[in-house]
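For reference, the chain that follows is the form predicted on its own, supplied as structure tokens.
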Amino acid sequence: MKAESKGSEELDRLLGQRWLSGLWRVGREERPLDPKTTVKPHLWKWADIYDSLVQARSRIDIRSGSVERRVIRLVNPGLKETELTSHTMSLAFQLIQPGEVAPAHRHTMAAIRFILQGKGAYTNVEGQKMVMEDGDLILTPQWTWHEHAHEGDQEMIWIDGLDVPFVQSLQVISFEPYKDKRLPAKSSSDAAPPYGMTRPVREPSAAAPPPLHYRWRDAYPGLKRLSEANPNPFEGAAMEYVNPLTGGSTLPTLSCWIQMLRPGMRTQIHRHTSTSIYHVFRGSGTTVINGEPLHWEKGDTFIVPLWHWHAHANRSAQDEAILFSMHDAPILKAFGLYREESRGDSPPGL
């Protein structure tokens, strides 16, 4: 055995010198039965997020031009070195004050904005000026020019979601500042309505440009109707923001949902190979992830890593709970790697 071990070591050294490697060097731990991830379940409290934004408001000056955006990123405890939220998605919170302009640029990363509070700001994407209102979802598809500007008198806060880690892993990140000071906006008569729609999230079963703006005033009535009809047993009344021109996901690499848990509702346990990041838009509740409960309230954000058993519950007996979420499922589905399993029950403690 020793001779064989010595012989294999010598062969490994020889192959290494030739920039080759034997498959026998791949250990069993690198071929797990179930998917594994270094991303950890985690809950970020709104009080911490908002205080961090307030601290940055007085210390980070975007008018000077040295910094383009006032953004606080969510860092997953399992990804401390990279300071990312997950291995495929990054989620952050941006604050812009009256009179400020976040300069125009474009990049190969896709981005979403989910508006949380404030009035008077807008996003300009390729000349389409979209005024922000609470609960609106605004898209910045890959390689589109975009800027943010604030013409109101209240500070604006929104969620920034991007596919930065995924694009980074493909080594195709590109970033380009806009050559002029401001990105021109089309007049209302020239601009086609960029509004999109939602559709119910269904239970798993055995070329034109996408819309850019999904309004809360359009999404909420459909969500209410769905909650009174036939909720998804794993997600409650869940609707996906879709591209109505293709019937596909919100963006090629990102799927966004809005979902409602009726008062007292508990969902069943399931898991999937996609990662999900949730923001609590309204209400309070609990999500159990691999047996560990995360208790959330309005403004909190939490992550469910891939292939982790999880279920949600609304803790209130009177009020609805509404979650906005971002998922990397389109990436998995594009390569035939999406899987989902269910256990058909609710976990203890919900």
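Everything numeric here is computed off the predicted structure, so don't read it as measured data. Throughout, we count residues from 1 along the sequence that is shown.
The protein also exists as the form predicted in complex with ligand GTQ; that form is not presented, and the subsequent description refers to it.
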Honest question, do 260, 282 and 315 all end up within 4.5 Å of ligand GTQ in the predicted complex by heavy atom distance? no
Please tell me whether any heavy atom belonging to residue 150 falls inside 4.5 Å of a heavy atom of ligand GTQ, as the geometry stands in the predicted complex. no
Since only the chain is shown here, I'm wondering whether residue 113 would be in contact with ligand GTQ in the predicted complex (any heavy atom pair within 4.5 Å). yes
Can any non-hydrogen atom of residue 213 be found within 4.5 angstroms of ligand GTQ in the predicted complex? no
State yes or no: in the predicted complex, is some non-hydrogen atom of residue 84 no more than 4.5 angstroms from a non-hydrogen atom of ligand GTQ? no
Which is the contacting stretch out of 240-248, 265-273, 67-75, 222-230, given heavy atoms within 4.5 Å of ligand GTQ in the predicted complex? 67-75
Given that ligand GTQ is left out here, which of 79, 92, 157, 183 has a heavy atom within 4.5 Å of it in the predicted complex? 92
If the cut-off is 4.5 angstroms on heavy atoms, which of these, 96, 162, 138, 256, is the one near ligand GTQ in the predicted complex? 162
Looking in the predicted complex, the residues of 103-128 with a heavy atom no more than 4.5 Å from ligand GTQ, listed in order, are 105, 107, 113
